[in-house]
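Before any questions on how it binds or moves, here is one chain, the form predicted alone, in structure tokens.
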């Protein structure tokens, strides 16, 4: 028998409770152990090939077209080398046979006289259009001119594009947009001192403008027309079916931007924003005026080649599908305008997809990997086109910040770090060194780079997704551009069912179903 001494009313309560619990234990009956239900087998669904077989493998090779030297691209989806030749030479300086290797119109990019006599053209006339991706159609319930940002994911977008000819889709049997019509809006490159004209031929159903963000340009043109692209202060909007030309001769080199300034809370986030790069003036320096696609610059400028082995453009943007899918809600542009401009509440927006160069993981592994080799310097130009702060983290490397908003930092102010904060509309230039010294690089491998704001690496709240991409050394890359991972498979992420939440997240690594779906759930 246990004797308990107590000295307060609280102790009486405690003893009473203990006694009751001990009595309950004596009377309790226990059910026999029940085996938990087995895990059910969950089908992955149709898994897409990592790299489509339709890609011409010769596009990856280093080559010369029309006198333009084009670097090798080890990406799964490289840019068309014929396009790059046209972007360097100008569509007016190619033979018809050479131009037929592209889908550009003959006047998409006109390069004229060498005004300063240094061996490269200084008169540049760029023609842009506005294209719609994944929009609605009265003829089909499926989105038209489709562009997937991830397996099975097709929100609506707008983008600037060079003036093209022919079909908007790959062929008569497909709704997939041709390679010129995609996100992000292309990077535009000109040389310091070039006399540049940019004509927007508004082929869209809404009004638009072009604002040259950070780019040296006059407020008005010589004829007195506004030149800043802001409807409230700098002239009227470019209405559907109209065209307007902006004029500039930039004196300051650097990484800038351009975007539509009509209802920017919608138009910019719909995709009407791109990088605008002014290269330093050098002799014999015809630059790659457009960079279409996922960032690899295959004809870097003379100034870049003086200090770097490779160059990549990286544009980040976040997507609220409530906004983006408005363009599929009606075929009446008045109703779309009302929904987008008066009913949609930007202050209540919830981004659900996070894109790098127009795609989310795993498609970023096809296009936006940074390919490198030991003891190289790689130039990265970054634009945060989204609404949230980007906390860009590089695994295995600490890059050095060399420029902010197109302005070179003094050497003492150039910071080396592995998390780089980039605000909305801000541009940052990075020097990524692959010298294996334990600081700049830890050595060869497959190293992630991604937003360390965790929401940024999700797709519709599924992880992994978002803007995850990789720095891949050539020794870890297959001939088809697929990273040689260490004992893990990336293929489950290429299934639409994964991002539709139909597949347990560890199914590929869990053949016994220990972490799968219990029967009856």
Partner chain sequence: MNDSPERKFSAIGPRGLFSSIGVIALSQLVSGHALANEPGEEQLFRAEAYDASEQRTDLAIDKTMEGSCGEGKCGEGKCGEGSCGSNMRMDELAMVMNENKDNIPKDCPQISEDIKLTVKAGREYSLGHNGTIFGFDANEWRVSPCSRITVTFINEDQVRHQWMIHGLPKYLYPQGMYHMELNGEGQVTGTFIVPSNEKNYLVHCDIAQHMEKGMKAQLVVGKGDGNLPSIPGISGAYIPPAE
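Numbering follows the first chain given and starts at 1. Computed from a predicted model, the values in this text were never measured in an experiment.
A second form of this protein, the form predicted together with the partner chain, is not displayed here; the remarks below concern that form.
K.L.:
So, residue 170 and the partner chain: in the predicted complex, are they within 4.5 Å at any heavy atom pair?
P.N.:
So residue 170 counts as contacting the partner chain.
K.L.:
Since only the chain is shown here, I'm wondering whether residue 230 would be in contact with the partner chain in the predicted complex (any heavy atom pair within 4.5 Å).
P.N.:
No, residue 230 stays farther than 4.5 Å from the partner chain in the predicted complex.
K.L.:
Given that the partner is absent here, does residue 218 sit within 4.5 Å of the partner chain in the predicted complex, heavy atoms only?
P.N.:
Looking in the predicted complex, residue contacts with the partner chain do not include residue 218, since no heavy atom lies within 4.5 Å.
K.L.:
So in the predicted complex, is the partner chain close enough to residue 363 to count as touching (4.5 Å, heavy atoms)?
P.N.:
Although the partner chain is absent here, residue 363 would touch it in the predicted complex, with heavy atoms inside 4.5 Å.
K.L.:
Is the partner chain close enough to 67, 89 and 175 in the predicted complex that each of the three has a heavy atom within 4.5 Å of it?
P.N.:
So, yes: the whole triplet contacts the partner chain.
K.L.:
Heavy atom within 4.5 Å of the partner chain in the predicted complex: which of 252, 334, 342, 435?
P.N.:
Contact check passes for 334.
K.L.:
Work out which of 430, 248, 77, 266 lies within 4.5 Å of the partner chain in the predicted complex, going by heavy atoms.
P.N.:
Checked against the cut-off, the match is 77.
K.L.:
Looking at 467 to 475, 31 to 39, 51 to 59, 485 to 493, which lies within 4.5 angstroms of the partner chain in the predicted complex, counting heavy atoms?
P.N.:
Correct option: 51 to 59.
K.L.:
What are the residues of 85 to 100, in order along the chain, with a heavy atom within 4.5 Å of the partner chain in the predicted complex?
P.N.:
Result: 85, 86, 89, 91, 92, 93, 94, 95, 96, 97, 98, 99, 100.
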